[in-house]
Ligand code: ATP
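Shown here is one chain on its own, the form predicted alone, set out as C-alpha coordinates.
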(Lines give C-alpha, C1' and ligand atoms only; values in the text may rest on other atoms or scores of the structure.)
Protein backbone atom coordinates (compact mmCIF):
# COMPACT_ATOMS: atom_id res chain seq x y z
CA UNK A 1 0.00 0.00 0.00
CA UNK A 2 1.36 3.39 -0.97
CA UNK A 3 1.44 6.02 1.78
CA UNK A 4 1.97 9.68 0.89
CA UNK A 5 2.18 11.44 4.31
CA UNK A 6 2.26 14.94 2.80
CA UNK A 7 3.25 18.26 4.34
CA UNK A 8 2.47 20.19 7.52
CA UNK A 9 0.15 18.09 9.67
CA UNK A 10 0.12 15.35 7.03
CA UNK A 11 2.64 13.03 8.71
CA UNK A 12 0.78 13.33 12.04
CA UNK A 13 -2.66 12.45 10.68
CA UNK A 14 -1.11 9.74 8.49
CA UNK A 15 0.55 8.10 11.50
CA UNK A 16 -2.70 8.25 13.48
CA UNK A 17 -4.62 6.73 10.58
CA UNK A 18 -2.15 3.90 10.08
CA UNK A 19 -2.50 3.01 13.75
CA UNK A 20 -6.28 2.98 13.49
CA UNK A 21 -6.23 0.83 10.35
CA UNK A 22 -3.86 -1.65 11.99
CA UNK A 23 -6.16 -1.83 15.02
CA UNK A 24 -8.91 -3.23 12.77
CA UNK A 25 -6.75 -6.33 12.27
CA UNK A 26 -6.11 -5.80 8.57
CA UNK A 27 -2.44 -6.41 7.81
CA UNK A 28 -1.12 -3.75 5.44
CA UNK A 29 2.46 -3.29 4.32
CA UNK A 30 2.94 0.44 3.79
CA UNK A 31 5.40 1.87 1.28
CA UNK A 32 6.09 5.47 2.23
CA UNK A 33 6.84 7.96 -0.56
CA UNK A 34 7.11 11.72 -0.37
CA UNK A 35 5.28 14.39 -2.38
CA UNK A 36 4.80 18.12 -1.96
CA UNK A 37 7.15 20.64 -0.37
CA UNK A 38 8.84 17.85 1.62
CA UNK A 39 9.74 16.11 -1.63
CA UNK A 40 10.73 19.39 -3.30
CA UNK A 41 13.24 20.09 -0.54
CA UNK A 42 14.62 16.55 -0.55
CA UNK A 43 14.47 15.56 -4.22
CA UNK A 44 14.07 18.85 -6.07
CA UNK A 45 10.59 18.01 -7.43
CA UNK A 46 7.07 18.02 -6.04
CA UNK A 47 6.13 14.63 -7.48
CA UNK A 48 9.16 12.33 -7.70
CA UNK A 49 8.97 9.32 -9.99
CA UNK A 50 8.93 7.05 -6.93
CA UNK A 51 5.35 8.18 -6.20
CA UNK A 52 4.05 6.97 -9.57
CA UNK A 53 6.18 3.82 -9.46
CA UNK A 54 4.74 2.89 -6.08
CA UNK A 55 1.14 3.57 -7.10
CA UNK A 56 1.50 1.70 -10.38
CA UNK A 57 2.61 -1.31 -8.33
CA UNK A 58 0.19 -1.06 -5.40
CA UNK A 59 -2.78 0.48 -7.28
CA UNK A 60 -4.03 1.94 -3.97
CA UNK A 61 -2.73 4.92 -2.02
CA UNK A 62 -3.53 6.81 1.18
CA UNK A 63 -2.57 10.47 0.92
CA UNK A 64 -2.26 13.25 3.46
CA UNK A 65 -2.52 16.93 2.52
CA UNK A 66 0.25 18.33 0.32
CA UNK A 67 1.37 21.85 -0.54
CA UNK A 68 1.77 23.10 -4.10
CA UNK A 69 3.87 26.30 -4.01
CA UNK A 70 2.11 29.36 -5.37
CA UNK A 71 3.71 30.60 -8.58
CA UNK A 72 6.91 29.26 -10.04
CA UNK A 73 5.11 27.18 -12.67
CA UNK A 74 4.35 24.28 -10.34
CA UNK A 75 1.36 22.15 -11.40
CA UNK A 76 -1.13 21.13 -8.71
CA UNK A 77 -0.03 17.82 -7.20
CA UNK A 78 -3.59 16.51 -7.08
CA UNK A 79 -4.29 17.48 -10.70
CA UNK A 80 -1.04 15.82 -11.81
CA UNK A 81 -1.89 12.59 -9.96
CA UNK A 82 -5.41 12.49 -11.39
CA UNK A 83 -4.28 13.03 -14.97
CA UNK A 84 -1.30 10.69 -14.87
CA UNK A 85 -3.18 7.83 -13.16
CA UNK A 86 -6.57 8.31 -14.85
CA UNK A 87 -8.41 9.04 -11.58
CA UNK A 88 -11.57 10.32 -13.25
CA UNK A 89 -13.94 10.08 -10.27
CA UNK A 90 -13.70 12.30 -7.22
CA UNK A 91 -15.98 10.72 -4.63
CA UNK A 92 -16.91 12.43 -1.38
CA UNK A 93 -19.51 11.05 1.02
CA UNK A 94 -20.77 13.77 3.35
CA UNK A 95 -22.42 12.64 6.59
CA UNK A 96 -23.00 14.18 9.99
CA UNK A 97 -21.01 12.60 12.81
CA UNK A 98 -23.00 12.04 16.01
CA UNK A 99 -22.52 14.61 18.75
CA UNK A 100 -20.86 17.14 16.45
CA UNK A 101 -22.49 20.54 16.95
CA UNK A 102 -23.03 22.44 13.69
CA UNK A 103 -25.95 24.54 12.55
CA UNK A 104 -27.24 21.40 10.82
CA UNK A 105 -26.50 18.95 13.64
CA UNK A 106 -30.18 17.98 13.91
CA UNK A 107 -30.57 17.44 10.14
CA UNK A 108 -29.94 13.96 8.66
CA UNK A 109 -27.32 15.03 6.09
CA UNK A 110 -26.15 12.01 4.08
CA UNK A 111 -24.86 12.96 0.64
CA UNK A 112 -22.69 11.25 -1.94
CA UNK A 113 -20.92 13.55 -4.41
CA UNK A 114 -19.50 12.31 -7.73
CA UNK A 115 -17.32 14.93 -9.40
CA UNK A 116 -15.74 14.46 -12.82
CA UNK A 117 -12.04 14.79 -12.13
CA UNK A 118 -10.10 15.25 -15.35
CA UNK A 119 -11.45 18.02 -17.59
CA UNK A 120 -13.74 21.11 -17.60
CA UNK A 121 -11.89 24.39 -16.81
CA UNK A 122 -9.34 22.33 -14.87
CA UNK A 123 -7.82 21.27 -18.19
CA UNK A 124 -5.77 24.44 -17.74
CA UNK A 125 -6.04 25.56 -21.37
CA UNK A 126 -5.61 29.32 -21.19
CA UNK A 127 -4.10 31.99 -23.38
CA UNK A 128 -3.98 35.74 -23.75
CA UNK A 129 -6.04 36.83 -26.75
CA UNK A 130 -4.77 40.41 -26.67
CA UNK A 131 -3.17 42.33 -23.79
CA UNK A 132 -5.70 42.53 -20.98
CA UNK A 133 -7.94 39.76 -22.37
CA UNK A 134 -7.44 36.15 -21.27
CA UNK A 135 -9.42 33.14 -22.48
CA UNK A 136 -9.87 29.87 -20.56
CA UNK A 137 -11.28 26.88 -22.41
CA UNK A 138 -13.92 24.69 -20.77
CA UNK A 139 -13.57 21.13 -22.06
CA UNK A 140 -16.51 18.74 -21.70
CA UNK A 141 -16.36 15.43 -23.58
CA UNK A 142 -18.92 12.72 -24.11
CA UNK A 143 -16.42 10.07 -22.98
CA UNK A 144 -15.69 11.67 -19.60
CA UNK A 145 -19.33 12.65 -18.98
CA UNK A 146 -20.63 9.16 -19.69
CA UNK A 147 -17.92 7.67 -17.48
CA UNK A 148 -18.74 9.79 -14.41
CA UNK A 149 -22.48 9.34 -14.91
CA UNK A 150 -22.10 5.56 -15.05
CA UNK A 151 -19.92 5.59 -11.93
CA UNK A 152 -22.55 7.61 -10.06
CA UNK A 153 -25.52 5.47 -11.05
CA UNK A 154 -23.70 2.17 -10.49
CA UNK A 155 -22.73 3.32 -7.00
CA UNK A 156 -26.31 4.45 -6.31
CA UNK A 157 -27.65 1.05 -7.34
CA UNK A 158 -25.00 -0.87 -5.38
CA UNK A 159 -25.36 1.15 -2.19
CA UNK A 160 -29.14 1.57 -2.20
CA UNK A 161 -29.22 5.28 -3.04
CA UNK A 162 -32.63 6.33 -4.33
CA UNK A 163 -32.02 9.65 -6.09
CA UNK A 164 -29.41 11.11 -8.42
CA UNK A 165 -29.30 14.82 -9.29
CA UNK A 166 -27.16 16.17 -12.14
CA UNK A 167 -25.88 19.69 -11.45
CA UNK A 168 -25.28 22.02 -14.40
CA UNK A 169 -25.47 25.49 -15.97
CA UNK A 170 -26.87 24.39 -19.31
CA UNK A 171 -29.22 27.36 -19.43
CA UNK A 172 -26.11 29.45 -20.20
CA UNK A 173 -23.49 26.97 -21.43
CA UNK A 174 -25.84 25.11 -23.71
CA UNK A 175 -23.26 23.09 -25.59
CA UNK A 176 -20.77 22.08 -22.86
CA UNK A 177 -23.12 21.57 -19.92
CA UNK A 178 -25.77 20.49 -22.40
CA UNK A 179 -23.54 17.59 -23.45
CA UNK A 180 -22.97 16.68 -19.79
CA UNK A 181 -26.74 16.56 -19.21
CA UNK A 182 -27.33 14.57 -22.37
CA UNK A 183 -24.90 11.92 -21.12
CA UNK A 184 -26.47 11.84 -17.64
CA UNK A 185 -29.92 11.39 -19.16
CA UNK A 186 -28.70 8.57 -21.37
CA UNK A 187 -27.20 6.70 -18.43
CA UNK A 188 -30.22 7.42 -16.18
CA UNK A 189 -32.47 5.67 -18.72
CA UNK A 190 -30.72 2.39 -17.86
CA UNK A 191 -31.52 2.79 -14.13
CA UNK A 192 -35.32 3.28 -14.01
CA UNK A 193 -35.52 2.42 -10.29
CA UNK A 194 -33.42 5.49 -9.40
CA UNK A 195 -35.13 8.88 -9.41
CA UNK A 196 -33.25 11.27 -11.69
CA UNK A 197 -33.39 15.08 -11.57
CA UNK A 198 -31.43 18.11 -12.75
CA UNK A 199 -30.61 21.37 -10.96
CA UNK A 200 -28.92 24.53 -12.11
CA UNK A 201 -25.78 24.94 -10.00
CA UNK A 202 -26.68 28.22 -8.29
CA UNK A 203 -30.09 26.88 -7.29
CA UNK A 204 -28.45 23.67 -6.10
CA UNK A 205 -26.19 25.68 -3.78
CA UNK A 206 -29.17 27.48 -2.27
CA UNK A 207 -31.17 24.27 -1.86
CA UNK A 208 -28.23 22.51 -0.22
CA UNK A 209 -27.96 25.21 2.42
CA UNK A 210 -31.72 25.40 3.00
CA UNK A 211 -32.61 21.68 2.97
CA UNK A 212 -29.58 19.39 2.59
CA UNK A 213 -31.61 16.41 3.73
CA UNK A 214 -33.50 16.52 0.41
CA UNK A 215 -30.41 15.39 -1.51
CA UNK A 216 -29.04 11.88 -1.95
CA UNK A 217 -26.39 11.65 -4.68
CA UNK A 218 -25.05 14.49 -6.84
CA UNK A 219 -23.12 14.11 -10.10
CA UNK A 220 -21.27 17.15 -11.42
CA UNK A 221 -18.65 18.41 -13.85
CA UNK A 222 -15.26 19.26 -12.37
CA UNK A 223 -15.57 22.93 -11.35
CA UNK A 224 -19.10 22.71 -9.89
CA UNK A 225 -18.10 19.52 -8.10
CA UNK A 226 -15.10 21.21 -6.52
CA UNK A 227 -17.21 24.07 -5.20
CA UNK A 228 -20.23 22.06 -4.05
CA UNK A 229 -18.20 19.33 -2.35
CA UNK A 230 -16.58 21.97 -0.14
CA UNK A 231 -19.95 23.66 0.46
CA UNK A 232 -21.40 20.30 1.52
CA UNK A 233 -18.45 19.69 3.84
CA UNK A 234 -19.32 22.96 5.57
CA UNK A 235 -22.74 21.55 6.43
CA UNK A 236 -21.23 18.80 8.58
CA UNK A 237 -18.29 20.52 10.26
CA UNK A 238 -15.78 21.36 7.53
CA UNK A 239 -13.00 19.80 5.50
CA UNK A 240 -11.37 18.38 8.62
CA UNK A 241 -14.23 15.90 8.85
CA UNK A 242 -15.07 14.61 5.38
CA UNK A 243 -13.16 11.95 3.44
CA UNK A 244 -12.22 11.93 -0.21
CA UNK A 245 -11.39 9.36 -2.87
CA UNK A 246 -9.98 9.69 -6.38
CA UNK A 247 -10.91 6.61 -8.36
CA UNK A 248 -9.92 5.25 -11.75
CA UNK A 249 -10.14 1.94 -13.55
CA UNK A 250 -6.73 0.76 -12.34
CA UNK A 251 -5.78 2.93 -9.38
CA UNK A 252 -7.34 4.70 -6.40
CA UNK A 253 -6.05 7.34 -3.99
CA UNK A 254 -7.85 8.06 -0.72
CA UNK A 255 -7.05 11.44 0.76
CA UNK A 256 -7.83 14.10 3.29
CA UNK A 257 -9.00 17.15 1.37
CA UNK A 258 -8.16 19.74 4.03
CA UNK A 259 -5.02 21.89 4.03
CA UNK A 260 -1.61 21.25 5.53
CA UNK A 261 -2.14 23.66 8.49
CA UNK A 262 1.59 24.40 8.96
CA UNK A 263 0.81 26.68 11.92
CA UNK A 264 -0.17 23.69 14.08
CA UNK A 265 2.18 21.08 12.61
CA UNK A 266 4.08 19.16 15.26
CA UNK A 267 1.92 20.46 18.12
CA UNK A 268 -0.36 17.40 18.53
CA UNK A 269 -3.40 19.56 17.64
CA UNK A 270 -4.30 18.02 14.27
CA UNK A 271 -7.60 16.21 13.79
CA UNK A 272 -7.10 12.95 11.82
CA UNK A 273 -10.84 12.36 11.25
CA UNK A 274 -10.83 13.20 7.53
CA UNK A 275 -7.96 10.84 6.74
CA UNK A 276 -9.38 8.13 9.01
CA UNK A 277 -12.72 8.36 7.19
CA UNK A 278 -10.80 8.20 3.91
CA UNK A 279 -9.23 4.99 5.22
CA UNK A 280 -12.77 3.70 5.83
CA UNK A 281 -13.39 4.12 2.10
CA UNK A 282 -10.01 2.57 1.31
CA UNK A 283 -10.75 -0.56 3.35
CA UNK A 284 -14.12 -0.98 1.63
CA UNK A 285 -12.40 -0.57 -1.75
CA UNK A 286 -9.98 -3.36 -0.78
CA UNK A 287 -12.88 -5.66 0.06
CA UNK A 288 -12.29 -5.37 3.82
CA UNK A 289 -15.87 -4.25 4.50
CA UNK A 290 -16.02 -5.58 8.07
CA UNK A 291 -12.87 -3.67 9.02
CA UNK A 292 -14.20 -0.61 7.21
CA UNK A 293 -17.45 -0.73 9.18
CA UNK A 294 -15.57 -1.22 12.47
CA UNK A 295 -13.39 1.83 11.89
CA UNK A 296 -16.38 3.97 10.92
CA UNK A 297 -18.31 2.77 13.96
CA UNK A 298 -15.36 3.53 16.23
CA UNK A 299 -15.12 7.08 14.87
CA UNK A 300 -18.83 7.60 15.40
CA UNK A 301 -18.65 6.26 18.96
CA UNK A 302 -15.72 8.56 19.72
CA UNK A 303 -17.68 11.58 18.52
CA UNK A 304 -20.84 10.48 20.31
CA UNK A 305 -18.90 10.18 23.59
CA UNK A 306 -17.43 13.63 23.02
CA UNK A 307 -14.67 13.20 25.63
CA UNK A 308 -11.61 12.94 23.39
CA UNK A 309 -12.23 15.35 20.53
CA UNK A 310 -9.67 17.80 19.17
CA UNK A 311 -10.01 21.56 19.54
CA UNK A 312 -11.30 22.21 16.00
CA UNK A 313 -14.50 20.34 16.88
CA UNK A 314 -14.93 21.75 20.37
CA UNK A 315 -12.75 19.43 22.44
CA UNK A 316 -9.35 19.69 24.07
CA UNK A 317 -7.75 16.33 23.25
CA UNK A 318 -4.45 15.94 21.46
CA UNK A 319 -4.05 14.04 18.21
CA UNK A 320 -2.73 11.07 20.15
CA UNK A 321 -5.55 11.10 22.70
CA UNK A 322 -8.17 11.17 19.96
CA UNK A 323 -6.42 8.33 18.16
CA UNK A 324 -6.24 6.21 21.32
CA UNK A 325 -9.98 6.73 21.88
CA UNK A 326 -10.73 5.55 18.34
CA UNK A 327 -8.52 2.50 18.79
CA UNK A 328 -10.21 1.62 22.09
CA UNK A 329 -13.59 1.81 20.37
CA UNK A 330 -12.35 -0.46 17.57
CA UNK A 331 -11.24 -3.07 20.08
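Note that the structure is a prediction, hence the values are computed from the model and not measured. Positions refer to the first chain, counted from 1.
Below, we turn to the form predicted in complex with this ligand, even though it does not appear here.
- Heavy atoms of every residue among 239, 258 and 270 are located within 4.5 Å of this ligand in the predicted complex.
- The stretch that touches this ligand in the predicted complex, counting heavy atoms within 4.5 Å, is 239 to 247, out of 239 to 247, 196 to 204, 126 to 134, 103 to 111.
- Though the partner is left out of this view, residue 312 does reach within 4.5 Å of this ligand in the predicted complex, counting heavy atoms only.
- In the predicted complex, residue 264 approaches this ligand with a heavy atom inside 4.5 Å.
- Looking at residue 9, you'd find a heavy atom of it within 4.5 angstroms of this ligand in the predicted complex.
- Contacts between stretch 124 to 144 and this ligand, counted in the predicted complex as any heavy atom lying within 4.5 Å, involve no residue at all.
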